[in-house]
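Shown here is one chain on its own, the form predicted on its own, set out as structure tokens.
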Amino acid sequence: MSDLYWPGDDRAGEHFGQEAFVRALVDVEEDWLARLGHPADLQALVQSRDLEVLAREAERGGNPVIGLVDRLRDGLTGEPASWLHRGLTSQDVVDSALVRMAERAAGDLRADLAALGADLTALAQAHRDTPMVARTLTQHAVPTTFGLRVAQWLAALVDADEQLSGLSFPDQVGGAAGTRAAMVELGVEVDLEPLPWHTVRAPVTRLGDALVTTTDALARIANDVLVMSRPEIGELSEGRPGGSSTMPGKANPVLSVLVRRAALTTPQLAATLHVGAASQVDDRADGGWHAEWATVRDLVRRTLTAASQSVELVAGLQVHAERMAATLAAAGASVRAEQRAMTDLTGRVPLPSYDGQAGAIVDAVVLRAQRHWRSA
């Protein structure tokens, strides 16, 4: 897929594309038909050329399942045609399809995060003792190390991946109003777990929250690269900067810009999912559920794109340690003001290096990351 409105969208592959959505819907119907004892190959009954018709028909029923079931039933003969979709409702099929697509996307996303984590681990270790000046509220603060800065990036990434790893992707099996009455009439045995979640949207909001936590972590990296690659700072630069349409030779930190772009938009998408969850009423929602589909699609694809861009960003990142050291030296005595205050209080001789436990913190974060991905 590609999207001129969202450069880099092709990095998300076919996840949550129109064809992927229809395939997932058909998978749900096919699995249910087999569960009823009447298996049939349904995928061959829907072609790419049918997508436009299905999209138009979806408006009539408010969702794509009604038209899809009609098309599938027309292509079937015998018992499978009679049993198709029996006991299910449209929301069962859409919800199940969405979480199945989300589970596959989360797997690919976590693979990118693992690759990014490995690169950040190596970068933190390589610059464990590379001195630079810390900045707080945009101003010079105290001496630190670039390795500690990278360790902060890594810690945020581990937090995000832990949240992704804790997600569940339950099929939706509730029937018309979550009572499973038709299934009982059909004699279909369905385990109580997972319970129907027609109006309890935690599987969707938790997904949204985990994706936003991920883009938060990715933006943590991009924001620092954007600041530290400013010409007047020059401590970092992208390995493959972008150009300018009017200024030849200009090196724009494009990957960082695009990762930041994603992080500026995903929280609002997750907020839409929470608004939809808060608007649930009766036994099937009127609009809150419908608002989820495109929202989840955009949230997933933007996160996947940002993760892929972040892998490339970190893999090619240029670290200018000499500029870091020069900036720290130029800051002069001001960056040791806290150290002087502490030594005045204790009467101790000032340490030659004033970065506290920076190296030990880097080691601890790296160890946590290594343990996390070994167990993932």
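No experiment lies behind these values; they were computed from the predicted model shown. The first residue of the sequence shown is number 1, and the count goes up from there.
Just so it is clear, the following notes concern the form predicted together with another copy of the chain, a form of the same protein that is not shown.
Non-hydrogen atom contact residue 163 with another copy of the chain in the predicted bound form at 4.5 angstroms: Yes, residue 163 lies within 4.5 Å of another copy of the chain in the predicted bound form.
Any non-hydrogen atom of residue 196 within 4.5 angstroms of another copy of the chain in the predicted bound form: Yes, residue 196 is a contact residue.
is_contact(residue 131, another copy of the chain) in the predicted bound form, heavy atom dist at most 4.5 Å: Taking the distances in the predicted bound form, the answer for residue 131 is no, it never comes within 4.5 Å of another copy of the chain.
Residue 103, heavy atom within 4.5 angstroms of another copy of the chain in the predicted bound form: Judged by the heavy-atom cut-off of 4.5 Å, residue 103 is well away from another copy of the chain in the predicted bound form.
Listed residue that, although another copy of the chain is not shown, lies within 4.5 Å of it in the predicted bound form (heavy atoms), from 329, 351, 44, 34: Residue within 4.5 Å of the partner: 351.
Full three-residue contact with another copy of the chain in the predicted bound form, heavy atom 4.5 Å, for 226, 241 and 346: Spot residues vs another copy of the chain: full contact, yes.
Residues of 82-100 having any heavy atom within 4.5 Å of another copy of the chain in the predicted bound form, listed in sequence order: Counting only heavy atoms within 4.5 Å of another copy of the chain in the predicted bound form, the contacting residues of 82-100 are 82, 83, 85, 86, 87, 88, 89, 90, 98.
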